[in-house]
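One chain comes next, on its own, written out as structure tokens in the form predicted alone.
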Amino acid sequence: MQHIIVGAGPAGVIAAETLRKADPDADIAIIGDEPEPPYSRMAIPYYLINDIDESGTYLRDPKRHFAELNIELLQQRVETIDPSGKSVTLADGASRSYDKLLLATGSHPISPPIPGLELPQVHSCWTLEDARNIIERAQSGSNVVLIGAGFIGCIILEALVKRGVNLAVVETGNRMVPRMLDDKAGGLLETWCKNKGIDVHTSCSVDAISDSGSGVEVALSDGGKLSAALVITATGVKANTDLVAGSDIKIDQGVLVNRRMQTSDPDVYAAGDVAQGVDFSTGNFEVQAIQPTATDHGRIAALNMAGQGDEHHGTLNMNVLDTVGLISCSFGLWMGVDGGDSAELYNPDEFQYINLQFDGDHLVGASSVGKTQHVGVMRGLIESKIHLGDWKDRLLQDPTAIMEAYLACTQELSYQ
């Protein structure tokens, strides 16, 4: 059996390892188009603050791991896929045949339509090459502008602050991490960052970036101007679906897959950021560009490629951030459901916030700021789909009682 995996991120690596266990005699190849060994983008912030060197971002030891598992690792770009002929064509013109193909091509940063993005002082923070450029320009005391205060932006923000730069953040939304936190929680995060000396501009956008001779000038929609040695864009990502665009393989926001991670072509699978898979909370098929989803997808896709049927029951949408010392998180349907109830604790003076969202007597979503002791319990109650019964009414009165609710309800289940 010939297995080809296009993409060398977490989804691709986990898939290859799972395939090797499930099919010891198969030919397995991972094809990645970056010059470095397979690495984790989530480790890049640690590289930026010198907690690790480049090799610390590698997912596995490239000198021995893949060779020991007899997994071929190719550092080339796949130019075309021919599903009818079951082959892929590489940048050097070579063709490789497959029995089963996994698309684990990930996603790419979205570039906003801003004049001046092509300047050498402007970078995204997505690849190791991006990180090298950021390290070169983001020296202690230098002025840096970060465009975007979403989840990825706030991870980069944390690393930049630790590098000692003078940081300004520009976010078009009315709050920080608008796809993760509501107005109150996002507002707390913004106030916290401002108190830490970060210049935060919400409900604001960048109109243009121009060369100032010594750096760049960033013109804002509110009329303000910022001088910077470096501008970093973190304005979202989009699934890498180009390889199958124009083919019979169905795509929407990502490559559409079923619960077996199988595309509309039965011999082609997709996993990770490129896959539009099932969401745990809604049952809808959505793109979830987070690493836990990628690893889940990769494992399940590989088992099905090897003929060991398994189904994906959905990954819980979850985000946890440490932003210059303030922990925030959200899980599941944190924004609530139609007709659902909610409970809230809001203590802005102490930078503490909890919001619980219910559908009937199930907890279906939660978010918090500054209350780290509740993070695991929130996730556990949502994923377990436990009936809270009378505990729902208690939580509506006091959402901080979530630990007691979890212990009581799980203990009750253990006796049934």
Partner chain sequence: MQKSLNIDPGKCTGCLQCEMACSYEHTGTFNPSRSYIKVFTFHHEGRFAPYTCTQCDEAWCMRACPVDAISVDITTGAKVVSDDKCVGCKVCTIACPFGTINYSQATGKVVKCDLCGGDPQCAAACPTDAITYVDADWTGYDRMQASAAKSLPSAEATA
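Residue numbers count along the first chain shown, from 1. Take the two forms, superpose them, and find the largest set of C-alpha atoms that agree within 1.5 Å; that set is the rigid core. Quick caveat: nothing in here was measured; it's all calculated off a predicted structure.
There is another form of the same protein, the form predicted in complex with the partner chain; it is not shown, and what comes next is about it.
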Inset, instruction - Check, residue by residue, if I14, M318 and G325 all come within 4.5 Å of the partner chain in the predicted bound form, counting heavy atoms only. - result: yes
Inset, instruction - Just one of 26-34, 368-376, 351-359, 66-74 has residues with a heavy atom within 4.5 Å of the partner chain in the predicted bound form, so point it out. - result: 368-376
Inset, instruction - Look up in the predicted bound form whether E404 has a non-hydrogen atom within 4.5 angstroms of the partner chain, and give yes or no. - result: yes
Legend entry - Touches the partner chain in the predicted bound form: C329 (any heavy atom, 4.5 Å): yes
Legend entry - Partner proximity in the predicted bound form: D310 to the partner chain, non-hydrogen atom cutoff 4.5 Å: yes
Inset, instruction - Give a yes or no for R137: in the predicted bound form, does one of its heavy atoms lie within 4.5 Å of a heavy atom belonging to the partner chain? - result: no
Legend entry - Interface residue in the predicted bound form among V364, L48, L59, L388, criterion: non-hydrogen atom within 4.5 angstroms of the partner chain: L59
Inset, instruction - Sequence order please: the residues of 24-44 with a heavy atom within 4.5 Å of the partner chain in the predicted bound form. - result: S40, M42, A43
Legend entry - Core fit, then I14 C-alpha moves 2 Å or more between the shown form and the other one: no
